[in-house]
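Quick setup: one chain, the form predicted alone, written in structure tokens, and binding and motion questions come after.
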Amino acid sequence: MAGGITQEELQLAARNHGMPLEALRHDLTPRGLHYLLIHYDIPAVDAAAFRLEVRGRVGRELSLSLADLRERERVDVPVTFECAGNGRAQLDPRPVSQPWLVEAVGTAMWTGTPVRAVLEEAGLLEDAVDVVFAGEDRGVEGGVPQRYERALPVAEALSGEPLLAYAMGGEPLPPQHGFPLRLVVPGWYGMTNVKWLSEIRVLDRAFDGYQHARAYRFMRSDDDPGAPVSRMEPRSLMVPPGVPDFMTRERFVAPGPVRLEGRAWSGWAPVEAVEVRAGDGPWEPAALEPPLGPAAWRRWTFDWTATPGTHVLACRARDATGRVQPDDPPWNVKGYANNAVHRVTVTVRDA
């Protein structure tokens, strides 16, 4: 153990990385700063030999090359991704897994072709229930050998939002982000966006694979079957103001006017408001800029007058459904969807 973190968790933390919060200044996250979570190993995929197989409860099975997909309708859409486990390490007791604080987020411009058109070409049969998306990454989880697979209900798959993405930021997907093809599902937590996608399988029943039936569920105890994790809860994050202490990351700011800024998003509905609070003061409205798109985060700013002393700055978002970030999140076994109010401790003193 090292500071309560297990050797296994350190291995995960070394393989995966979050986005430095100062990168919230960018409308689109630079590719190397976008958060990354890889369940198993990065597979080696030969793009020239690659095929996307569409099978199951369809009238016509398809086998599509990367060139076939590139010849179809092209869509460019900015989408904010957040890992379902973002904030896990702040829970008490702390669930043991990838020890995310709040940095497991990023926004990219994804390029691809709509899932709906491919499914319509294959022709879903009347008894179709779930659409399974399977990647080339394989491993063992919970004692179960598996390839990484997630599913969407037919209605979600046909909604027009999910994308078969082959480019990120105008360039081919990097290996760690799913080269040569991945699924992008706007609004849903990151586990839905299957990387190294090679198969779409239509079922006449609800998918009961490991990543649905056992992983990514809100569970109050190990015996609780729980409810599935789906769309992102509203969240606002702040660019840490001032300069940091190397080890603790405590922030130091000079007295006077300080422009605070950050980003806010929700997978359920557009963000309608962001509020900021200093210490025990009242929640005050921040100024919101137009969103980059319906599935991307929204920039906010707030002018704060810094006075000498130590202050806890906080921000919270509210979306159009009325969902708002809680002061303290409800605990769950796997540590999912911790969207508690973001707090940053700042010491104000003369330079």
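Note that the structure is predicted; figures quoted are calculated from it, not measured. From 1 onward, residues are counted along the sequence shown.
There is also a form predicted in complex with a small molecule; it is not shown, and the following applies to it.
A.B. asks: State yes or no: in the predicted bound form, is some non-hydrogen atom of residue 193 no more than 4.5 angstroms from a non-hydrogen atom of the small molecule?
C.D. replies: Residue 193: contacts the small molecule in the predicted bound form.
A.B. asks: Please check if residue 230 has a heavy atom lying within 4.5 Å of any heavy atom of the small molecule in the predicted bound form.
C.D. replies: Residue 230 lies outside the contact set for the small molecule.
A.B. asks: Does residue 271 reach the small molecule in the predicted bound form, with heavy atoms at most 4.5 Å apart?
C.D. replies: Heavy-atom contact with the small molecule at 4.5 Å: absent for residue 271.
A.B. asks: Flag residue 38 as yes or no: does it have a non-hydrogen atom within 4.5 angstroms of any non-hydrogen atom of the small molecule in the predicted bound form?
C.D. replies: Taking the distances in the predicted bound form, the answer for residue 38 is yes, it comes within 4.5 Å of the small molecule.
A.B. asks: Looking at 316, 311, 298, 34 here, can you tell me which has any non-hydrogen atom within 4.5 angstroms of the small molecule in the predicted bound form?
C.D. replies: By the 4.5 Å heavy-atom cutoff, the listed residue in contact is 34.
A.B. asks: Though the small molecule is not shown, can you say which of 162, 135, 267, 262 has a heavy atom within 4.5 Å of it in the predicted bound form?
C.D. replies: It is 135 that has a heavy atom within 4.5 Å of the partner.
A.B. asks: Given that the partner is absent here, state which listed stretch (78-86, 238-246, 253-261, 222-230) has heavy atoms within 4.5 Å of the small molecule in the predicted bound form.
C.D. replies: It is the stretch 78-86.
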